[in-house]
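Just the one chain here, laid out as structure tokens, in the form predicted alone.
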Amino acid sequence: MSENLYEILKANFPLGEAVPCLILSDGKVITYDDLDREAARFANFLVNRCYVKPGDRVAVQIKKSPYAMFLYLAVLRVGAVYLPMNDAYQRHEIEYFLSDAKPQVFFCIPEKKEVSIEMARNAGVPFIIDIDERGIGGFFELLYKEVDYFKTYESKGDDLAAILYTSGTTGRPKGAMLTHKNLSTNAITLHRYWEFRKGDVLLHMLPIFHVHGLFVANHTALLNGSPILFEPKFDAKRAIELLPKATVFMGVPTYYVRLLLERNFTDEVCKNMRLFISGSAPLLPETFYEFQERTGHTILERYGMTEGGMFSSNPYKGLRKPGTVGFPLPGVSIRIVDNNGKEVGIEEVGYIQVKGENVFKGYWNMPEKTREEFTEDGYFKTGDMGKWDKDGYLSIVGRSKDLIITGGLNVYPKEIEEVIDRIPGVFESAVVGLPHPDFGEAVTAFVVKKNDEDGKNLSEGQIINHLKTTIANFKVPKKVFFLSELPRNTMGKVQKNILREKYSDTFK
């Protein structure tokens, strides 16, 4: 029996009926039958025009569109390996990915075709093809000469389905190898845990070069045979128009913050909604409670990463605790250990390690790095730090690389950020360690003010004085910088590495 992810998804497609799959922003509807046929056509193109074989990599840097979805599913059907790239990546990054992964074909956008051809040739990539998200151009003339039937390759569960490169904030990016089994296991688990049901409609505004939008959102909806309101990007006003037609929404914290800034975002807009899910970055408790008060809905936070999809989730039924990411998902084992590998107690901070069928196979072309990142008994070292509470809920304290050691003492940035964020006039904050001649690292805070009276009057002295009465003195920032906004990546995560680099000379 084939363990190809596409076949697992397709087994749940409501084929033979005019059931909507993708509902586009212009009103066009792509049915599940259309999806299957177009994925077949793309698969034939890959095999017949690009000579793609099972195991070959297919690199993709195109805009979000139904064609991007067809291409992703086609790569699965061929038994090839999908390599999505953030459309914000620039030449230096793309050159590295192409030379490292050595794909058989590179799909790019028309505007970047010239430079893409140059980069691909330098990396020895045989085929470079541009895809216009409007469905026009030479590619489509060739595509529609292909038939719309394709016999899906019978992949084994351990065969690679995708390689996703991590952000590479500490060294060169690493290609996380995800198998058909990794992806299907996680999709089935989430579909059950979040209780997807007949009648669900997903509002999809996430990018599809990342685990959240490409795998978590798409796979759960496809497994359910649900219509997907497939939007090119997040827009708060557009979301308010579409939410009455949806039952499930997945977003990053920034999406929820922006929705709450809209006066028209009310409980009436959300009356048909069943579930709001947040991830990819921490959700502030303030946002959690304000959203609850405004809409009557409680956001469900979950935890995962490129190397294994989702690891934990607040319960669908039961208490969803702000500031936590819930319990380990069924089939996933999570432990928190100290520097010696010994499990820590309740409310003690340690290093998060995970194990399960969803955890990736290893890093592409990095066998030594792969060995380093796994324990002898098969747990993956996530690099995140966390703690359990008395009820078994997991909280993420931060990345181990973000741990600040000042004067020989450990400081966890999130603890300080939570205190700063509660100060009147503070919108959000980020805390990092900067090089210091005496302390090794100096605790430093970066604060975004609210646009209100408290925010206008807020000063560095006020923040430091408040912290001195709230937390131990060694945790109090030596300096507070006010910024108009915090640097973030496309998934809403604060890029602390940028803050560390830009302000590295502060105490020299």
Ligand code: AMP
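Residue numbers here begin at 1 and follow the sequence given. For clarity, every value in this text was computed on a predicted model and none was experimentally measured.
Below, we refer to the form predicted together with the named molecule, which is not included among the displayed structures.
Note that among 87 to 95, 428 to 436, 269 to 277, 210 to 218, the stretch whose heavy atoms approach the named molecule to within 4.5 Å in the predicted bound form is 210 to 218. In the predicted bound form, the named molecule stays beyond 4.5 Å of every heavy atom belonging to Pro227. The named molecule in the predicted bound form is not approached by Glu417, whose heavy atoms all lie more than 4.5 angstroms from it. A residue is said to contact a partner when one of its heavy atoms sits within 4.5 Å of a partner heavy atom; Leu76 fails this definition for the named molecule in the predicted bound form, lying far away. Contact check for Gly386: every heavy atom lies farther than 4.5 Å from the named molecule in the predicted bound form.
Proximity to the named molecule in the predicted bound form, defined as a heavy atom within 4.5 Å, holds among Val344, Leu260, Val125, Ile396 only for Ile396. Of the candidates Pro282, Gly175, Pro413, Gly356, Pro282 is the one whose heavy atoms come within 4.5 Å of the named molecule in the predicted bound form; the others do not. Residues from 282 to 304 that approach the named molecule in the predicted bound form with a non-hydrogen atom closer than or equal to 4.5 Å are Pro282, Glu301, Arg302, Tyr303, Gly304, in the order they occur in the chain.
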